[in-house]
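Okay, so here's just one chain, in structure tokens, the form predicted on its own.
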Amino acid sequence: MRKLIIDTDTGSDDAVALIMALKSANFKVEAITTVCGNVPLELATKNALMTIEVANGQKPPLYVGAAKPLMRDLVTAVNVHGEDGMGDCNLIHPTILPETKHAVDAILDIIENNPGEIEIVTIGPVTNIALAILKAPETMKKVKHIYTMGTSGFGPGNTTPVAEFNVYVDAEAYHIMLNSGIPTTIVGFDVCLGEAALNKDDLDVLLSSGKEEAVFSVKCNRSLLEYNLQRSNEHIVDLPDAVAMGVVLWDDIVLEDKLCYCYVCTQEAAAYGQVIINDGSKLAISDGFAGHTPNARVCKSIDNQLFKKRLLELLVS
């Protein structure tokens, strides 16, 4: 059975991703760790605890991690996910508590006790992962694989014209992770849009099921739905973290991926958080990107309909 640590800045799409993993029988979620990002750390922790309670699945320990990025002030996404990160629907009243151990120490202990077995799924900024690498690089080399929802992939950014949110919050941390030598798969924002998003019919299926976790998954995304209606007049809920979790749970939904060299921009203010991805294409000027060893496998396309079919089945089962 595969063993996961899920590192999350629990906003509304994170919640759906967490429920997917907690309801999956073929995976053991060893721990959930929280980090600041979509919302401040305290809210991310409360949201994750509540999600564990409603998921109707595994109940792993939760460890609280970094309250701020490595070198910058925190930027949140409350304008997208709501002030509480979960649609401002008064959904968050957890009765369970987090563990007392810091998330970074918990991550390192779990890896030491399961060398070569732990897969880390990062669905928020990767500050905790970078701190673990800085604290105990030899231990982190025992990680089997990292799956990360991050970067804009081969498309435009969603936070700046070039940067995706999870990287933008702490690009220095993303740089540390990508250059750690740990095998990494990137699910970029570009493959999480379009037909991968839940439409009105999909949301109605979840609501009509009456399943607590399915209804919770719709209600907590109310602010995101309203944001998309205002932004593009589309009745959709795009769930990047759920798509990334889908790649972890169901590798056959990946239609195309490619080993790439990924460079994280941290110096130029206008490009901060951009991840420049070289997929090996022949370039007119080779200096700078050609010849570098790939440091991540990047998803280029997924089977959107198969992803949504399995997601809906899992949430209402």
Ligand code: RIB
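It should be emphasised that the depicted structure is a prediction, and the values quoted were computed from it without experimental measurement. A residue's number is simply how far along the shown sequence it sits, counting from 1.
Another form, the form predicted together with the ligand, is not on view; read the next lines as being about it.
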Looking in the model of the complex, any heavy atom of residue 123 within 4.5 Å of the ligand? yes
Exercise: residue 164 in contact with the ligand in the model of the complex, heavy atom 4.5 Å: yes
So, in the model of the complex, is residue 38 in contact with the ligand at a 4.5 angstroms heavy atom limit? yes
Is residue 241 part of the interface with the ligand in the model of the complex - any heavy atom within 4.5 Å? yes
Partner-proximal stretch of 197-205, 99-107, 173-181, 233-241 relative to the ligand in the model of the complex, 4.5 angstroms, heavy atom: 233-241
Is every one of 253, 301 and 307 within 4.5 Å of the ligand in the model of the complex, counting heavy atoms? no
So which bits of 5-34 sit within 4.5 Å of the ligand in the model of the complex, heavy atoms only? 9, 13, 14
